[in-house]
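Two forms of the same protein chain are encoded below as structure tokens; each is given separately, as structure 1 and structure 2.
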Structure 1
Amino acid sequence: MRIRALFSLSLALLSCGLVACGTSSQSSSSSSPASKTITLGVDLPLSGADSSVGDSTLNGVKLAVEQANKMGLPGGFTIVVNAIDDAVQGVHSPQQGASNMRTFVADPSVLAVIGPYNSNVAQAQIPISNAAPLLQIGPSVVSDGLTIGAAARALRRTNPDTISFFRVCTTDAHQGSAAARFAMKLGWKRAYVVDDNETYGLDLANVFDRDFSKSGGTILGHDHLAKSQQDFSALLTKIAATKPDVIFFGGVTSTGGGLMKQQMARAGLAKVPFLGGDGLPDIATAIGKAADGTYYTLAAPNVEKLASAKTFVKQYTARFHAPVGAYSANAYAATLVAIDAIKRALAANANALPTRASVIAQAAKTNALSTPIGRISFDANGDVKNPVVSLYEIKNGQATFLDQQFF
């Protein structure tokens, strides 16, 4: 008797707690169901360690939407942004990302989603957005497997032949091989590769490793860091003994890039260039002058050379009174792509609310759309055609543009 009582009691309690959960979360994700409203879902890490980059990326979306609404959309529609945080306990969470995507899919006014920021969140979201199907555009996720090959096909498990996920940044593959070419061009023949053993860093390092040796360079070794490693002395001693021309680091400043560069001086590696991808632009803010000698690539053209980029920077700083974030321009471009597709889908549907499928079809047809990061068209996988990768060097704590490569 006691057991059964307890059993039922627990069930009852479960229900009460859950109802409360349900109602409170519902109120947070409410969107006005006015018929002339189109919602743009945004999923980014907006709290915790990634929040500074998440906020500046969100600002890029907001700016594009505000400008589009000011210009007006066909049929008198307005676009509202529903941004949901995918960080839990201060760290981006695939679980939370999946939950957010379900929220977007369930809201019929959502015609496109911008995000996420992190590749492992994208892995959890793409199966859901693909099943809907709902247009999703990634501003910054670079992992190859999201769009290319069997891995990407597995993600599209419901509709394998529908490409609903696009991205405006280049892939790890391009960035890694660009870095390898830059290294050869700068005369660095012997490289030691280190990565942070996380999704982004490992992929990037593997591509560099492969392409650098393919183009005739020597890979002296390839090591992986442990999670939250503080002591790099053993690794750096090992690296110093191989006398490398360059150290390639796959990873971001906060997962070891900063600490490793900082400890290089004491290990007799002060003069060895430290090359990495777009996880390192903030290294000078983290370790100051010790960052000198860092080279990093960005999956975007040199902003100073593009007129559209200059305009964007001016508009962004005027609107938010803050410097442009590392992915603000990408988010702005991704949003332009989404809005452009929605506009064309509206036009094709006699200015009535289009279906999600037609928005996806229009996005795939995006043709040389002018954005601050260059002209955007997509290939059959949903990746940008003709991507550009630029190389920067940090001197006296300042990033200076060195070179760029077209693919």
Structure 2
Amino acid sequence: MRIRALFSLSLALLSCGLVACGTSSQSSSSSSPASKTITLGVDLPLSGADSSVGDSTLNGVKLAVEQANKMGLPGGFTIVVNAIDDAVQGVHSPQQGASNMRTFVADPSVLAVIGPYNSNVAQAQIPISNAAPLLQIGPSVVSDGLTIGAAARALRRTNPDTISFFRVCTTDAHQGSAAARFAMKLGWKRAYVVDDNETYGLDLANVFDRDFSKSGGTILGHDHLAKSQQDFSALLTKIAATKPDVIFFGGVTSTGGGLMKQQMARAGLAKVPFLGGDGLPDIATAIGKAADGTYYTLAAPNVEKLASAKTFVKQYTARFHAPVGAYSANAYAATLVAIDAIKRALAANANALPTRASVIAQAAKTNALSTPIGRISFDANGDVKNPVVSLYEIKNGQATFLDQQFF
């Protein structure tokens, strides 16, 4: 296991204009309440094909923590960030994510976790965070079964009536439906569907398949990739023979999205649009201009179009000297939710570390909290109310905003 970063920022150092950064390990001793240190765990893919989106998501967390420490917390507490990579050999790993969550649970100073990025990692982590119980907030995981219905209740097997997992993004049901509507709006009537056969990708592809058909579109075929598949020539030749208007991919860049798009030209599919979900925003980083013609949805609003995000965008670009990433604003918002819950839990006794249960209880009460992505409140399942799905197109290696839908 590799711990990517331990980011620490204290009020005392801020007064000197300094930022303290260091590296931690799994075996590091836990902070005691007397230290006035609260740890925020972060689990993201910080290496491999998804690292660019993982890094920019982590930056959103860092910025929120810096600002909170500068403003000050009740009782003089300071928040530090412990970010752990959940990628193994370049691909996000549910097993690694579960191990990371056990690390967070074992540290009593950890009062909340932000992440993960991928739904199958969340599926492995929620039983652990729920058993603790430990507040977990997802900025980007969209699988319906994480929060809705019998599947979600099964993940909460230790404390089935305790909602400890929340998310500030929408669900596959909304994202897949929006992708189907976007496709029809763009005039694509014949679609071939492929998924990576993982939790997120399969759910998303199935919703797209269903809603595209309901909207009058034709599904020409639906195939599932084999794990670690590298050569897509046979599949792409098969797809080319059906003459699709669009290929829909349910999955992420590292589970076949990047390689499949890169190989489409050899099968005579260079001009066929490649549409997917929020697993593809880093595809241009992975394959460069070969990603042109990719369209993807994000389970988040376009912050460049939101009045509520203007200050955040300015602060983010000034701090990191880079454009806001696909889920930077969502991660910032998720961190604001966690910090707000911690502050309200501290209000009961600012001289002691709050209990994890009290932080969860306060998070559930989040009501119209102001964030760059809008005011956040949660429903009874822990899902954000009034979600948004946005559509982007990659041209000349750059993502361009096209449209968004509100639910």
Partner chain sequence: MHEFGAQLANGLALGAIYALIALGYTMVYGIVELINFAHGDVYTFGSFITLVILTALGITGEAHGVLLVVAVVVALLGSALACGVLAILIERVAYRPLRNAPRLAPLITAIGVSFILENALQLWKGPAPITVPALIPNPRFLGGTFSLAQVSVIVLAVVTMFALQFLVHRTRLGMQMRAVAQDRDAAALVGIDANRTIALTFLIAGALAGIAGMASGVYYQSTWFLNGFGAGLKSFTAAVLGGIGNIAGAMLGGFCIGLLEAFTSATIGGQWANVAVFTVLIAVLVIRPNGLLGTNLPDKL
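Residue numbering: sequential along structure 1, first residue numbered 1. Predicted, not measured: the structure shown is a model, and the values here were computed from it. Definition used throughout: the rigid core is the maximal C-alpha set that superposes within 1.5 Å between two forms.
Each of the two structures shows the same chain on its own, and it is structure 2 that derives from the form predicted on its own. In this overlay on the rigid core, A380 has a C-alpha that sits less than 2 Å away from its partner position between structures 1 and 2. Put the two forms on the same core and the Cα of F212 is off by 2 Å or more between structures 1 and 2. After superposition on the rigid core, the Cα of V80 moves by less than 2 Å between structures 1 and 2. On a core-based overlay, T297 has a Cα shift of 3.9 Å between structures 1 and 2. Relative to the superposed core, D223 moves its CA by 5.3 Å between structures 1 and 2.
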